[in-house]
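The form predicted on its own is given below as one chain in structure tokens.
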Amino acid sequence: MSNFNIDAQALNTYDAIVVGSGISGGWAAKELTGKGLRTLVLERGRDVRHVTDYPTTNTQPWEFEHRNQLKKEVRDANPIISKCYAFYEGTEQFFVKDAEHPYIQEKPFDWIRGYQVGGKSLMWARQTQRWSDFDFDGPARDGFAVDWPIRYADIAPWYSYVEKFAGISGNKDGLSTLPDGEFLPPHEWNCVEKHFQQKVAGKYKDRHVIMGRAAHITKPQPIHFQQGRAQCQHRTICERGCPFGGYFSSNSSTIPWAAKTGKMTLRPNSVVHSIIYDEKKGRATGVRVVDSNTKQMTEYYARIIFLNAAALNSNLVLLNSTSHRFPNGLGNDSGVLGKYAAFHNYRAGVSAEYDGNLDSTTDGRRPNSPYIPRFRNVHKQEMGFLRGYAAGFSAGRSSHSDQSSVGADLKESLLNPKLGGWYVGSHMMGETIPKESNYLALDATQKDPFGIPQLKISIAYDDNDDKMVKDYQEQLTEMFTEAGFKNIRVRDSHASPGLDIHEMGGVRMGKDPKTSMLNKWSQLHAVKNVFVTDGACMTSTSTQNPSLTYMALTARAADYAVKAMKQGLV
């Protein structure tokens, strides 16, 4: 090798490489740099800097050219992303358009992505619940998927660690199914939500209605001021980016924190093609990166690699990382890479009306709502379906302004609208079962704009999901009836998987290298210096929103990785 090549390789060599800068990638960057490692963070999208690059964060409704609605040509050109609830004129800059990264739907799947520094942490729903042992025990109990190699005690300290830094609001409810955390003050209830909580508590011993636990700073602590973040202003336009840092995102929190160490190199516009495996050394040595602007390939090197590209893309990178040693994807001795993918079932909902509490109404906004933790199949298998579901709940009061009026009459109508009755609603959050028939693979012929094979997605609902939807609708109808709600309506959108935006699995953790990809440290069984700590690592999905668990798993894995490096184990 020439001196020129040696010098070039040295310039591109780091202690650690992190692929992705979203929820888990941001945490990997923070932890690795904080422990002294020179860390390269690779992000396939553009740079988005906190505050500076939130162009619509202070835009008023009347200032949008199309009144915050999507243009018809945008909807027509993007039938997939246009289904996402958070995609509108004020946010379209943060979402991947359908043509930008094509994929193959062997079965209908709506893949929602955000390619920029911060990833989907800019637009996420910010719900943050811990798992319990009931969740980790699920696969071992019913035999679907494989047993998790960890339990709640292994991750509990790391939940606390990330909660304190991120800022999580919530109430200590004392529920075994949903462990309490390090909470900031909870959000307030309205009177109808309280009414529902009390009626449910009076009727059921195993069902609870609690305030949601959310990544919003309700009372800033010194650690949040150190990050430059302030109290949440309840603007409820979070997905446009928050200039106050009132909710947790990589952009407002972990990425700037990592940058302050002087140990982070952030390289946007860097599409990771594959991980480089050295057969003589028996380890990964780096990654191949395609510059999204020039299409030029560059190699970067490091002692450890954290793959945090988001679940489906992390599968894609590993599947594309082939060698003589691993012809079917890096670390894939078991043959399970890309298989046993899962998601959350958000198809169903229940709505109703309430004619009580007409002497009260709501005031202001709230970026959160009550939550009903799972109550089915908790202590034993008791239903005709496996696992269970959680549910969201909220109540509000309708109002009407006479916008046909003008002048003083219009102002009066807007300031003092006519109040209607109360409306209530719930949505289902069901656990799906990881199955071998739900898989990801690479297409043999079709490539994306960067010359990388397109991802084939074959994921679908099954009979278990349908039974769960039916039970959710029946039980919430019963609970609504008990609360005195009227005109109860159930719905099943039959939407394709994907709109939950909680894809998981394909690179699952497990105890046995013959049936899993990762060990208890989220470390590839067969390639000890590669760690996967985003949704791809999940053995099962439970019912909780998964991002808090990704954060905790990442911090835990980074702590182990650095210690193992010092001991020469990776």
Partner chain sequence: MAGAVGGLISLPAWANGWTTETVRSSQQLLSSGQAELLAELVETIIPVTDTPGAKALNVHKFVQKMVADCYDKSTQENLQKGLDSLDGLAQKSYSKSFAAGDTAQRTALLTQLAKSTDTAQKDFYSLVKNLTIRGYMSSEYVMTNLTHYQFIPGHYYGCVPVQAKATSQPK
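Positions refer to the first chain, counted from 1. Take the two forms, find the largest set of C-alpha atoms that superpose within 1.5 Å, and that set is the rigid core. For clarity, every value in this text was computed on a predicted model and none was experimentally measured.
A second form of this protein, the form predicted together with its partner chain, is not displayed here; the remarks below concern that form.
*Asks:* Taking 4.5 Å between heavy atoms as the contact cutoff, choose which of T362, Q198, Q105, Q221 touches its partner chain in the predicted bound form.
*Replies:* Checking each option against its partner chain in the predicted bound form, the one that comes within 4.5 Å is T362.
*Asks:* Considering its partner chain in the predicted bound form, which of L358, A77, M297, M383 comes within 4.5 Å of it through any heavy atom?
*Replies:* The option sitting close enough to the partner is L358.
*Asks:* Name the stretch, out of 60-68, 511-519, 27-35, 531-539, where some heavy atom lies within 4.5 Å of its partner chain in the predicted bound form.
*Replies:* Contact criterion met by 60-68 only.
*Asks:* With the partner absent here, would F244, R366 and A408 each sit within 4.5 Å of its partner chain in the predicted bound form, counting heavy atoms only?
*Replies:* Heavy-atom distance to its partner chain in the predicted bound form: all three under 4.5 Å.
*Asks:* Is E239 part of the interface with its partner chain in the predicted bound form - any heavy atom within 4.5 Å?
*Replies:* Contact with its partner chain, yes.
*Asks:* Is Q233 close enough to touch its partner chain in the predicted bound form, meaning at least one heavy atom pair within 4.5 Å?
*Replies:* Contact check for Q233: yes, within 4.5 Å of its partner chain in the predicted bound form.
*Asks:* Contact between A153 and its partner chain in the predicted bound form at 4.5 Å, heavy atoms?
*Replies:* A153: no, not in contact with its partner chain in the predicted bound form.
*Asks:* Mark S404 yes when one of its heavy atoms lies within 4.5 Å of a heavy atom of its partner chain in the predicted bound form, and no otherwise.
*Replies:* Result yes; S404 sits at the interface with its partner chain in the predicted bound form.
*Asks:* After a core superposition, would you say H400 shifts its C-alpha by at least 2 Å between the shown form and the other one?
*Replies:* Yes, the C-alpha position differs by at least 2 Å between the shown form and the other one.
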